[in-house]
Structures are given as C-alpha cells and as structure tokens.
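Presented as structure tokens, the chain that follows is alone, the form predicted alone.
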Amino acid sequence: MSADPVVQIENVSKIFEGGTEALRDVTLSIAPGSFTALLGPSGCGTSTLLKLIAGLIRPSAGSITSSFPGRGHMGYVFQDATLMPWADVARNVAMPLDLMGLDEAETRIRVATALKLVGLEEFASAYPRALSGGMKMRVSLARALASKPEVLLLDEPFAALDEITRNRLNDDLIRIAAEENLTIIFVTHSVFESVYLADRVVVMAPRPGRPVADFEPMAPAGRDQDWRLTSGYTEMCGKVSEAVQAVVGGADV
C-alpha cells in the first residue's frame, strides 16, 4: 500500500437543516487497497459520512479530498438493491455505463465481467422479480463494479439478508476486493461482520457522529468461515464490542 491516502477527511462536520448535527470534527485517512469498516449504533453518522465521501452531499465544515492513482472512480452500493423492475439484470448493471457514454461493445464486456465477478453470469436476462434478496444485492454490487471503481462505498448492503446469505456475500466481497485491488469503505452495525471483513474497524459515537476507537483485526488474507471459530477472531470481536457498548452507554472509550 502507498503511504498517500486515497481519501483524506479533515475536520469534517455536517449539520442538516433544522439543526441536527450528524457529524462533528471527523478526521480519517483511507489508505489505497485498504478495507475500512465504519461501525456504530444508529445515529452515529456513518451513512452521512459515506454520502459525503461520495460527494452526494456537502460538508458543513472541513474538507474531503480524493486522490486516485488509477481508474479514478467511486462505486456506491446502497442498503437497498434499488433495481429497476422493468429492466433485466444486464440492463440494470449497464445503467451507469450508459450514463458514462460507453459504446455498446464496451458496455457488453463490462456487464459480462461484472456479473461473472458476483456469480450471476447465467442470470443476465432474468428480471428482479425472479431473484432472491441475496441475488438482488449481487446485481447491485455488479452495477457498482461495472464502472471499474477505484474506491467502493457500501452502506449496510447485507443488513436485510439472512445469516447464511450474508456470510457468503462477505466471502465474495473479500475475494472481489482482492481480485480488483479495491479500496473499500463499508458501513455496518454488526461487530462480527466488521471484524470478519475489514483490516480496519473505526467505531463511531452518536449525537454527533465522530470516531472514538480504531482497531486493526489483522485477519488472514485467505480467510474463510473457519476463521470465525478462532480465538483471534473471538478476542477481536470482544474488544470491538466493548468499544461499541461504551459508546452506547456514554462512557469514554
């Protein structure tokens, strides 16, 4: 990894109309190739921070800068799959490519590549109504990957899925991140998911949202579900959980 951050967040605060202070004085550096989980209870501003990084909203104070050494794009995966019901899987994945103005041949290649990455190459002509919740989220992930992003932002993408499907998608995301050399910023409310996925877990406190603890789980690169049964995983989950509980209880971390 390069020492230069791909995303630099400096003293960022966000106050919405009506006076709600979502974030206060947030400073974070995101290294290229890293997998950062933003973890905390409801109201801690993680989704707001993700939207700020994506440029969907503007900070009230502070700055966010991005420095892309390669492709120079950000991909965004929302909590809901947000698929267009009248379009098949291939057309849903192609939508951002249409906005980019890519020609038909390049679009076709990128769609096929993205669907293969998420294991849905045989469902290109299927419609959303025929897909399970997990498959819909795979389509949403493929749509974000089709633009070949440098940074992938994910806002609780697996929260509504059953545990078995969620675990499978966790493993797929780890694989895709390695294969595509992605920088990932992942919002979750699950301690277990954050420790399993990320090489860095940032715990956020609520009202206003701000980072209060920073952990490095040191998960093995080739980890699989067996790692969830190890003492190292269990101990790190305990440490992160203590930090989250301290935040919920209002104690200093």
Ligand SMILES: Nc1ncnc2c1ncn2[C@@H]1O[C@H](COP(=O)(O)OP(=O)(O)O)[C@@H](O)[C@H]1O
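This structure is a prediction, so every number in the text was calculated from the model and none was measured. Just count from 1 along the sequence shown to find any residue number.
What comes next is about the form predicted together with this ligand, which is not displayed.
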Q) Which listed residue (Ser34, Ser47, Ser66, Ser190) meets the criterion of a heavy atom within 4.5 Å of this ligand in the predicted bound form? A) Ser47
(Q) Taking this ligand as it sits in the predicted bound form, is Ala22 in contact with it (heavy atom to heavy atom, 4.5 Å or less)? (A) yes
(Q) Considering non-hydrogen atoms and a 4.5 Å limit, does this ligand approach Pro220 in the predicted bound form? (A) no
Q. Taking heavy atoms and a 4.5 Å cut-off, does Gly43 contact this ligand in the predicted bound form?
A. yes
Q) Can you say which of 223-231, 195-203, 58-66, 35-43 gets within 4.5 Å of this ligand in the predicted bound form, counting heavy atoms only? A) 35-43
Q: Select from 168-195 the residues with a non-hydrogen atom within 4.5 Å of this ligand in the predicted bound form and write them out in sequence order.
A: none
